[in-house]
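Both blocks below hold the same protein chain, though in two forms, and each is given as structure tokens: structure 1 and structure 2.
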Structure 1
């Protein structure tokens, strides 16, 4: 029978309605409930009687009818006849089947003890176990998933499937198109040989081999020494083999990489170093500022004080820093770090010395030679290229080292003599000239410093009480006067000496009350020099006026170092113990520094050097750190020579003008 939608059925019944109304009156179908009828009326109960039902009145209904229940089937036929083959007649069948089956169904209950029931029970048990195991797998998998992240899903192939718990899914994957690709390889290399083999050839070969063996044995027995030598040679060869990790090529590449990393890390600083200029300088003439750039620290140098800094004359980004201690009681081994501005994180070279380093100086021409003066009086010469802690020259007690700290070393450039020489000054009062010969350092005493009474300068005094300690020195930079040098002493006197005369001073400048820590000739002006002292003052001197300094600057703190700027005759900078750097430009301000900036906290500044080319200074402190500072434009004003003028002349004139004014004011003061 085709399925019929309910809607269609409904439609059919409504169509039949008029026909039904013609039916007998006793069947009245209830009116269909109208949608939206307010009160839901209970349907009227109608007694429906089928058409073929017997219609009886009351009495007929009241009549009792007795009925018997028998085991006979009333519908069973009573007259079945069957042909009897025996009698060859039809005979009435006396027994008729009285059973009527109204409903029959097969049961599925099984007896517990039957085989089938047992099998069924086993099956159920297995099913349960399997599902339990599967559940356990899932639980474990989900647990592991939580713990380890991705774990492959549990194997569900053992899960029992049936028609209710089963769905089949299929997917057609894409078949990739096939492609053909072929390559040809080079055939393995072959070679061709030819020859013959005969008994006599074999014989000859063996004879040759035996001969060779005999010779070998002979050689062996002849000299075990030879063998040992050969063996030794082999071992040295093995030693010469450099492992990959230490190969110079790799080291070079690593060095480059290190620089690249540093360049990226300190890119801003590098840009500042190259291009930054304090724009505000244009609006405030007479003032300047210092911009801290890189800071050079190293673990080894942390507990040491920076005692000397020297730029390399060949590479203007390279400088050596000597570390030691100024305190007598806290002496330790010395250290020299050679840094490059390109790599602020590590020193390029590190050299260790037995005693604290007090002074370093690069040779101006042979830039790999580094002269070093130590606290115990030794002077050393290093060849930086060797990268070894061992100096190439060392002055020992036998070769006449100093007895006190060597405060300064200074290379000499002597055109006449081809030999390498340097001068050292020490607290023991000796100024020595060291000559580098093939095997050793040979000292020559240039000057024995003696105490000169303040009242009688320049004249030799037989009553002089004894040797004076030298603290610092500087050689005249003017061509033709390289033999003239200044010496600052612990007593406060400054002596002008010449290498030519070791017996007496050319002149003596007495004005400082305490030890002179630094003397510096002006880089441009031939006759002016600066001195700084422990008495908190910096003095500007004229070489020809030994009576009194031209100018005096009091910085109200102990001065560590002072230095002239290489680019101008009137600019100099000084560092003080309170961590400040003071920069003066006499052409702009004769009394006060243009800039007085605190660079380090809680540390004393000990050394200051100008870079010969770039507008930066390096300052070292007593905590082992070296800071580089960029000078703002106001701090590096120089005269711009026009045609026919010389830069040096202009600068000299500038300083001369300053000195002139200073002298005048001094004279005025004296008058009043």
Structure 2
């Protein structure tokens, strides 16, 4: 490639061309063409001089001009500056690439001495040898065939291979479009403030400050020694140095920052929680689905089972989770985590107990009070606002704690005495009412459970039958009937009791064959309640009919929990050991669930609870995880009252219609 520029080595002397070229003396112009031969005439050369051509005389034309050819590129930049990381300054780049490529092409020829050419020649030689051997085999076989006639021809399948027989597999991935978000904000309001400060104004302010100091010193001198000591103690406490990393201001800022990080991490889940609705429900009536949202897991709760979940009545995004164990041989210390939907990564508060936690319940009015029942029979009361790991009340052997696990605790509002009370039920057969005093918990026995066989009158002597173990309980939610409650026992019987009568049951419902694990009163209908048992069945009962349940549902697996939906009188859900959540709506389907969805793979679901405001459900498993699920529109259909109608009346009538149809079908079956 030829060098560009000037250099001393390739020096060359040239003469300047004259501006006007003179004709040679022996130049003879061509003859003019004959008429009609213009197409074959000789071309005529004409010299055209541009107007701006330089005019040189004979002396200037004879002058010699020397030009130097070098290897430097005249178009290469000479002012390239690069940042030097060592000296931390910009420095001029002395070496600049001077090579210019005018033409370049990739050829297919190889030099014989190169390695690639040798490999190709060796390959061609091998192919020629193989072809020669094959041709020799064919010739020999043809010759033998002519002589003998029964010789098979050689195998020529190797010659049929195609070295270009390949298929190219390629895929083009989709590049997602970039999303841009822009926000227009209004400028903050501004105000212009001006003022003047004179010498006498400064003097007046100094005088006022001196007068204030004199009055404060006089007030201190008149105070008593006790007041001075108290004031001094407060001053010492105020002047106490708090480490920066433990200051409340920093803790509050870190909490806010943690919420912001979680909001960015779970932005899509938050959008689904707020706006998602399964559009396919419009095309499949009678079916629904559950959308998994957040999953709440902590390191301390990994080897524990979720035994209780309770929503906070004041903050609809906060809930408490109790961790323990249902197995007798695997008991350990208990744990309570209080989570918020705003921060699914970590619990807001963590409380530890000596024994496994079996039940938790928030007070309906004082949302900071949390009642806890433990496996060793202890009941505790925590004040969440204190952020302490110690309970404010704890029942002991001296105060009459339970002898067996406390399966459920339930706060009761005492309208007469205005005292704080809660009820607990245990396997020892006692239903106790605990009253919070200034110093301790005072127990009161509401009911001693006893075994009552089917058809046996309840007025018999309690000592004639043995004690019954309580498993679950629930109070009536209708106004005026807050003292009525249901109790499920280990023997499979359900008893309706009252706080006013501690000697006998109001009624007994016997239909389950094994222990009753959950009893829940309907939130809207005053006479309907659900029960689930270890016999794999769920039964719908009418309070006034204790002979037989209204409806039966067999889920073909052990049932962990069942709960009514707070927004409808006909919707309830249940969880089973195979990891499924079953959601029923009796108004749409009286036999099968609208949704039976598997939530976890290798775990058993133990607890379920509906949110009182949002269409979401929390389910807990035996691995210590709590999963939040959103109900699709078909699973939360409610009545729409018109003008003059009440929502409660419509929902009650809807469930009554379902019960009436179920009773008619049972009567028809009994006749046949």
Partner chain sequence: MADQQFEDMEAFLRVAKYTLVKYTDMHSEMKEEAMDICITAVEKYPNDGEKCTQMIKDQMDKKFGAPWHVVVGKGFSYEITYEVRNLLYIYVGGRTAVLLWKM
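A quick note: this is a predicted structure, and the numbers were derived from the prediction, not measured. Residue numbers count along the first chain shown, from 1. Just so we're on the same page, rigid core means the largest C-alpha set that superposes within 1.5 Å between forms.
- Of the two forms shown, structure 2 is the one predicted alone, while structure 1 is not.
- Superposed on the core, the two forms differ at residue 98: its CA moves 2 Å or more between the two structures.
- Relative to the superposed rigid core, residue 642 undergoes a CA displacement smaller than 2 Å between the two structures.
- Superposed on the core, the two forms barely differ at residue 567: its CA moves less than 2 Å between the two structures.
- Here the rigid core is superposed, and residue 121 then shows its C-alpha moved by 60.3 angstrom between the two structures.
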